[in-house]
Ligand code: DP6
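A single chain, nothing else alongside it, follows as structure tokens in the form predicted on its own.
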């Protein structure tokens, strides 16, 4: 038997990717830029055991269903093929935050799985190779291989060899916080991200405009990181998130993740800004609101959101994936 355990942090995209140019290779239709969050962690242990006849997956203490197990097994097949290994694996994974609710558990989950399984299989891989591998499980997982601010390249190659993430250096990294306002107790979301983005791409009259917007937002966000301008970065992040959700809401039928509490949180973020606080909202495929803020304003932002949300988490930037054997 060979075992390895990896820990990876979820990440929240400040400039989103929404839609794929190749579903089989899991290639995003546009690039993205994210912040890795130290407060949202997945720990995954992979054991290749010759006594197993099938792969096994235990997620958050419960045996996973057939669909989740099949997705994990398919991902492990990529590693087995590279390592010339036939042995089945036992995978145990735990999230210290709600799973499948719009808090990027698939990002941290597949980043941790990629690193733990590769290590247990005896593969020696570079961070870029791990990013490409993690992307095959979940597009956003490519970013969770790294800490801090991370840029994802959509690439052009059909084999995905130029579709990977890389870390970005910025003076903002130490001074930012993300306040995560959880809506509805973190219950699983009603629309899975993969199906929702595919439906949006096929039916939304606003989708093409969304794709044309992303490169401009990426350039502006990279400029804000380079100059250390939190106001500019937050302004871009909030506008980009609203544009992504607008494209989904315009799909036919509409994909609507927001709940009444979501709208109340967004209103409070605007009110916080009007009172001079650093606060800009972003949202992924779920009802939760994440607020980009500064270290100095994080507690004030959290205090304002606690009466509205079911739970509030304040997170510093997270580090890169780590592994032990």
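These figures come from a predicted structure and were not determined experimentally. Residue numbers count along the first chain shown, from 1.
Below: the form predicted in complex with this ligand, not depicted.
Q: Does this ligand get within 4.5 angstroms of any non-hydrogen atom of residue 26 in the predicted complex?
A: The answer is yes: residue 26 has a heavy atom within 4.5 Å of this ligand.
Q: Residue 140: heavy atom within 4.5 Å of this ligand in the predicted complex?
A: Judged by the heavy-atom cut-off of 4.5 Å, residue 140 is in contact with this ligand in the predicted complex.
Q: Using a 4.5 Å heavy atom cut-off, state whether residue 20 contacts this ligand in the predicted complex.
A: It does: once this ligand is placed as it appears in the predicted complex, residue 20 has a heavy atom within 4.5 Å of it.
Q: Would you check, heavy atoms only and a 4.5 Å threshold, whether residue 95 touches this ligand in the predicted complex?
A: Answer no; every heavy atom of residue 95 is more than 4.5 Å from this ligand in the predicted complex.
Q: Choose one stretch from 130 to 138, 155 to 163, 247 to 255, 212 to 220: the one whose residues place a heavy atom within 4.5 angstroms of this ligand in the predicted complex.
A: Careful reading of the contacts points to 130 to 138.
Q: With this ligand left out of view, which of 199, 88, 191, 71 would have a heavy atom within 4.5 Å of it in the predicted complex?
A: By the 4.5 Å heavy-atom cutoff, the listed residue in contact is 71.
Q: Which one of 281, 298, 59, 285 is close to this ligand in the predicted complex, taking close to mean a heavy atom within 4.5 Å?
A: Result of the distance check: 285.
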